[in-house]
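Take a look at this one chain, the form predicted alone, written out in structure tokens.
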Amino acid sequence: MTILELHSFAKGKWVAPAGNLRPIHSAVTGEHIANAGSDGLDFQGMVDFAISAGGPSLREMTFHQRAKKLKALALYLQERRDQLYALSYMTGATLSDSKIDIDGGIGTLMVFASKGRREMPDGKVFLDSEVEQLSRKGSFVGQHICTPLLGVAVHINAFNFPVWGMLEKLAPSLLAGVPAIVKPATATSFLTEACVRLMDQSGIFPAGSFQLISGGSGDLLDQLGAQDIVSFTGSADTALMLRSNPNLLGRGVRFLAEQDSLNASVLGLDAGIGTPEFELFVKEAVREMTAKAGQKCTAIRRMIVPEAMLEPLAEAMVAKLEGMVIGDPSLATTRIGALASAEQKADVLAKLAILGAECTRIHGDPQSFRVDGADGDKGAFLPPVLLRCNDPDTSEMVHSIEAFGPVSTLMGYRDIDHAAALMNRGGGSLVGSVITNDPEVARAITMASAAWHGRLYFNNRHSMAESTGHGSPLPHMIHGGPGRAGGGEELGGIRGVMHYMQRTAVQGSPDILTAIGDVWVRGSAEITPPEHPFRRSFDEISIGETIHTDSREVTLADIEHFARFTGDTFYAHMDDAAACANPFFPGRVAHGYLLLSFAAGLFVEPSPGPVLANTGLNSLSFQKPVVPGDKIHARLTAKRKTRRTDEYGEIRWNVTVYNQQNEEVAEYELLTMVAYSR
């Protein structure tokens, strides 16, 4: 077969491998399939290219424009994913495994694209807090903002997810406006290279947005500075080595790590034989042992079950595992493919030997098992190995050694406190799960163990039909964990984007903060529009445009009519004596919703025009009651503009309602959809 020569993508060009080439072998056949080598790459030049070309081009776009490009890239890759599936088999992955990696990565791009459009502004500054009034009269205010780092993100990824591992880091980085240099693990880098080639061919992102190193990273880390960030996934030993780089330490380079994790799953005391939870636990435990041949950072390594359930659990799991077909991952009948490399297989076997000193093997013999459609001696195959630890309190290795393959250990617990203590013995994990139908069990374990876990996953008969599984990191939720898990966080929706941005406190006058954040700040200068703002298109309206309405008297007849018409006859509106006895009211008062209706009547422009719909209101508050005879008026100010579709955008208006003494009685944010200029 033709040996692939894996290229790097540096400074906008594909660079052939050079120097001391590293051979890459098929996980299935052991054949030499590719060469990788990065000798001769100009790492300083790659950093400079990212900073001088990629960064400015990305930052020229708004968050929404970058989000649209993420969606376009996701759709482009989705149409071509069959090309990636074909290569993925050589990593040892079955089609199901490949979908976790490839489809999962594409899906992550889609989620960040969606969240970028829905939760971030159509601008270049992200407001991270509400405005803080720092002076008595409000002429000096402050706010936290986030802006993109001006450097480059270096993404060092693990071998087990050559596509998802890259895309789950790239999505938040590119959405933030920070270019990236991707360094995949060499063993499976041929799949990453194929994906990056598609990304380059798409032409969706500007030059310098992403680069690829196929091979070693050379002196790349020595070129980084305080505006750069390193995001690493892999072993704790490698993380420590990288984190200790003198240049990273000396120049304050940000470092994120997602590393070794001895994740645990607990079967609740309530989950006896025959319960849906018992069957669910077996299903999830077996799936986490066998998906990706156990090569998942979120896989269950320790199964913590009531002592009385050890034997039934072991029997149920062995029954499931015995039917698993191990073999060529391209075969439809194969359930468990190969590990990513012979080196990885050797590492798992070495870890099994260590665990064997404390544990008993109850299923799976690494020296004797059947492989369908492939040579088990040449490929990196292993059977699922189920161990049992009879004394988890005194055992050490089972809580500290991770065999990164289809290996898991059963152990018993006495009570919930004991179960939580065993979970915590892992020293910090990416995810811990609890299968229980008892909310009190869930609460007790949360209080005892949340500090040691990046994610706690609870499942039972009510959620099992829709749950995504113990081992599925979701773009919406953080992926990371404390302690030995590395202390970093990835994903987590917009939280993940914030890792690539600098949070800055800005202080000044309301006008200054309005200009910086492109959101009207109370106290800023008002702009008088040439006509009613509801007669003006989205493009014509400027932030700060304000109108002041005429006044309207609120009468007792209005209050009583509103009460009868709506059915809201709460005593504060209808019973003067009862209202006077209430510490909040001086007597009968107007309904809050009546005031909103009157305010709308005061500022609305009834004729057809650019305003298409009122879609909601936010942050409604009532400051002072309105009594019969009060006269109210409103101020309407354009607060924020966001483009939503090709036809219309959203304008958020600050609405403040006052009485005849100009005392504020209500305030809220009104959302309207407004057509663009034609």
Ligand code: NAP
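Note that the structure is predicted; figures quoted are calculated from it, not measured. In this text, residue numbers run from 1 along the sequence as written.
Note that the form predicted in complex with the ligand isn't included here; everything after this is about it.
Checked against the ligand in the predicted bound form, the candidates 242, 318, 95, 111 yield a single residue with a heavy atom inside 4.5 Å, and that residue is 242. Taking 500, 404, 210, 457 one by one, only a single residue has any non-hydrogen atom within 4.5 Å of the ligand in the predicted bound form, and it is 404.
The chain is drawn here without the ligand; in the predicted bound form, the stretch among 234-242, 533-541, 283-291, 570-578 whose residues come within 4.5 Å of it by any heavy atom is 234-242. Shown here without its partner, the chain carries 265, 408 and 410, none of which come within 4.5 Å of the ligand in the predicted bound form through any heavy atom. Within 4.5 Å of some heavy atom of the ligand in the predicted bound form lies at least one heavy atom of residue 157. Taking the partner from the other structure, the ligand in the predicted bound form has no heavy atom within 4.5 Å of any heavy atom of residue 227. Using a 4.5 Å cutoff between non-hydrogen atoms, residue 11 does not count as a contact of the ligand in the predicted bound form.
At a distance threshold of 4.5 angstroms between non-hydrogen atoms, residue 479 is in contact with the ligand in the predicted bound form.
Using a 4.5 Å cut-off on any heavy atom, the one residue of 418-443 that reaches the ligand in the predicted bound form is 430.
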